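First, one chain by itself: the form predicted alone, in structure tokens.
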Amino acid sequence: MVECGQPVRHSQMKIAFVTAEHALFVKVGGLADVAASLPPQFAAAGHAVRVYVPYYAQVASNLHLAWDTKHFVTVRAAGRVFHVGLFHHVTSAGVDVYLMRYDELFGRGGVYGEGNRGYEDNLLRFAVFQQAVVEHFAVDEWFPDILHFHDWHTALLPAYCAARGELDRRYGAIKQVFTIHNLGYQGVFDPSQYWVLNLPGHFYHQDWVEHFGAINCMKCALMQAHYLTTVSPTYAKEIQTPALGFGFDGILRARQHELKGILNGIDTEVWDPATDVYLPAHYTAVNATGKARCKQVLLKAMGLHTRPGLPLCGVVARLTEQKGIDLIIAIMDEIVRAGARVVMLGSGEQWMEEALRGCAARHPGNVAVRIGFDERLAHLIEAGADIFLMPSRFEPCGLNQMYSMRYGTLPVVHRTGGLADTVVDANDETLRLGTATGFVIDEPTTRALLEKIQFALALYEDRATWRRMRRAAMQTDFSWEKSARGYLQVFEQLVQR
């Protein structure tokens, strides 16, 4: 067991960070931001860090960032031999990024799939990637002290290290830390596909990859990694319950002393209202006058009424029930009647897109909707809105509530996962102490959400109180340095163990 108290300082560690995404090259979700932000913090602490990521078609647009090493590693899968090329990039922080290239598998239009459907050969794709990573350790004579890997796309690494370790003891010395970003995506496949994995038959076992008669990639890591982490303290507790354990709550309760929630950070250089290149005016927690200018630009850009004094609610999200967008749609008319305007940016379920277009048509000048994604508009909404709506039913960590607080846009959230860990609800005590940073509902219902929004709108009229809340929110520390300390504490004590 790793006792996570004060870290025991260790000499330089070699850390291999294995991920399916990296924001510098390809991004689908928050994992890409983690992969781009966390390893530089490890390097800044004096450790040698290598990041491994597949070479997707999207990387081609950033070819100037990576060069062909002219080397490759050879792996087997599905009865075939794959010669996987190695491209290399060194970040400005001194982190080595290795991109594993095999165009037949990764040179496609999507990352995990296209048209809301995963690729049928995803098991093979990520099996080849993981084997290539493991093989590269031996080829390059660089064996990490810590193997830090993420979500189901890399969750078979304990099996590949164990299989490879039968011939090379150096693999047995690697300490494995698996991070769960979303337990709901487990990498489940029909057992008939087991043959593609290039693993001995004894790994198809309930202690490894077999789960209720299917291949479950996530299970391999949950059972075999030396330590488990997830992306917020509250989510670490929630996944030990039947409601959010997705069938693994029993395993996670059994490993609760080897499970830690470490809150993700945000890129405080990219997301900084004092320097943000996407904003028409800059501002700080001490002097927030530029925020009013951002609001006016946003209102005009989205065709909303620009009458001063009216509060503006913003939403930037995937349009899904998980994000609670259906709750916002259901009470949109009441939000407008309460005196607020609403601007929304996102895409997702078709019925939600159509319903939101209907809301905008019913309330011209008060509701604006942009379907799709626009980076500049996302930043402008974070800066220009007064209130950010994020009533997710579950949220392992969440980033937008942290972006919002950093930009002085007070979030309305559901008390779950990272939302519970980051937003301090406005009540009599927290308002008196000056610690309130947003508004929290206990249940994701339309009634609870509407009542909390109405409370926020009423509080908005108390300008002095609103300014105090805004300042407290903007001064909250969401840096990756804080997150990295939590991971390094785990790493150092694993290596010492």
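Just so it is clear, the model here is predicted, and its values are computed rather than measured. From 1 onward, residues are counted along the sequence shown.
Not on display, but discussed next: the form predicted in complex with a small molecule.
Partner proximity in the model of the complex, defined as non-hydrogen atoms within 4.5 angstroms of the small molecule, places exactly one of 51 to 59, 426 to 434, 29 to 37, 449 to 457 at the interface: 29 to 37.
Among the residues 322, 122, 91, 284, the one placing a heavy atom within 4.5 Å of the small molecule in the model of the complex is 322. Residue in contact with the small molecule in the model of the complex (any heavy atom within 4.5 Å), chosen from 291, 414, 181, 341: 181. Using a 4.5 angstroms limit between non-hydrogen atoms, residue 398 touches the small molecule in the model of the complex.
Contact between residue 127 and the small molecule in the model of the complex is not found at the 4.5 Å heavy atom cutoff. Of the heavy atoms in residue 318, some are within 4.5 Å of the small molecule in the model of the complex.
The closest non-hydrogen atom of residue 231 lies within 4.5 Å of the small molecule in the model of the complex.
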